[in-house]
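Coming up, as structure tokens: structure 1 and structure 2, two forms of one and the same protein chain.
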Structure 1
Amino acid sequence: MSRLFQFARQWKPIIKEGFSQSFLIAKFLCLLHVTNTHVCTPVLVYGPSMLPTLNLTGDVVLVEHLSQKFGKVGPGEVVVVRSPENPRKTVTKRIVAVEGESVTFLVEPALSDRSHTVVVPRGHVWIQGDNIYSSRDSRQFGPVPYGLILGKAFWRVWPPDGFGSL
């Protein structure tokens, strides 16, 4: 019994130190999570749908979440949106119209000149890629609820020669 107490007394300061370091690491991870989810986060975007604004092979952009939370994301801004067809994917497009506005778009620009006009319903936005010939966006899956917008892309970080605001 006394051997056990001796053992505990020896290891107590080390265990205490271990706990306080883990708590520090836990606090740091919480700060990282809150910053990434609610303030600003870097995102890798790739694909041809936003040429020439964003590259085909991949750009790292900074996405800020505060504008979306205050409802200040508007037309003309590049946004990262949770895909309405697959909630585990995110897509990056530009907002063309917000609720109440009417949008006229080319249904199949590579094949015909046919255009279609739609009024964006309440609480939704219309998103389109800058490269309309190779983009899967609101023209295929319809207007997207505002709540699916994850954030606004405002600054490109990589590649270095593209460093600057979008």
Structure 2
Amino acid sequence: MSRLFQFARQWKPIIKEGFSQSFLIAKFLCLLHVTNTHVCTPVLVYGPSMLPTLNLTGDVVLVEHLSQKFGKVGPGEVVVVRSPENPRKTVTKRIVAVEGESVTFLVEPALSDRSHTVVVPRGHVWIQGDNIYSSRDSRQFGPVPYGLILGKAFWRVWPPDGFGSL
């Protein structure tokens, strides 16, 4: 019995240290989850719709979630939105108008100068890509419910030559 007692005494500090380190890692992962979900997230953005603001081959931008939760996003800001056409995708576009504002846009900019005017309904925003010739946006699927906005892109972190605010 004394051998078992010695064994337990020998391993007790190691086991205690293991639990302590595991608890520290768990706290860090919880903080990381809360920060990523509710405060700020890095997002890879690519495609032609936001040229020349964002690169075709991809930029990593920081997206903050607080402005959208407090209703503080408005015209001119770049936002990440859950796609109204495919909820598995996100799109990055610029807010052109908010509820109550009217928007005049070219229906088919590459083919004609025909324009259309729409008043953005309550609880919605009008989003468009900076490259109107290669962007699928509110001109095709209409105003977007405010609840689909995931956050506001505010800082480009990659590529290094584009590092800075948006």
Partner chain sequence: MGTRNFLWNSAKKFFTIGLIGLTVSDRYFSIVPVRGYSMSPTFNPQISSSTGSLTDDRVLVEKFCLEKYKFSCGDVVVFCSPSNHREMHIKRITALPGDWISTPHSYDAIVVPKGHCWVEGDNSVFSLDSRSFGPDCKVQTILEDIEDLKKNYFESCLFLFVPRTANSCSHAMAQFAVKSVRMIEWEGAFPFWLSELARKDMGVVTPFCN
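The term rigid core refers to the most C-alpha atoms you can superpose between the two forms while keeping them within 1.5 Å. For numbering, take structure 1's sequence and count from 1. Just so it is clear, the model here is predicted, and its values are computed rather than measured.
Practice task
Working through the pair one at a time, identify the form predicted together with its partner chain and give its number.
Solution key: Pick structure 1; the other is not the form predicted together with its partner chain.
Exercise for the section: Inspect the rigid-core superposition and answer whether the C-alpha of Val157 shifts by 2 angstroms or more between structures 1 and 2. Expected result: After core superposition, the C-alpha of Val157 moves less than 2 Å between structures 1 and 2.
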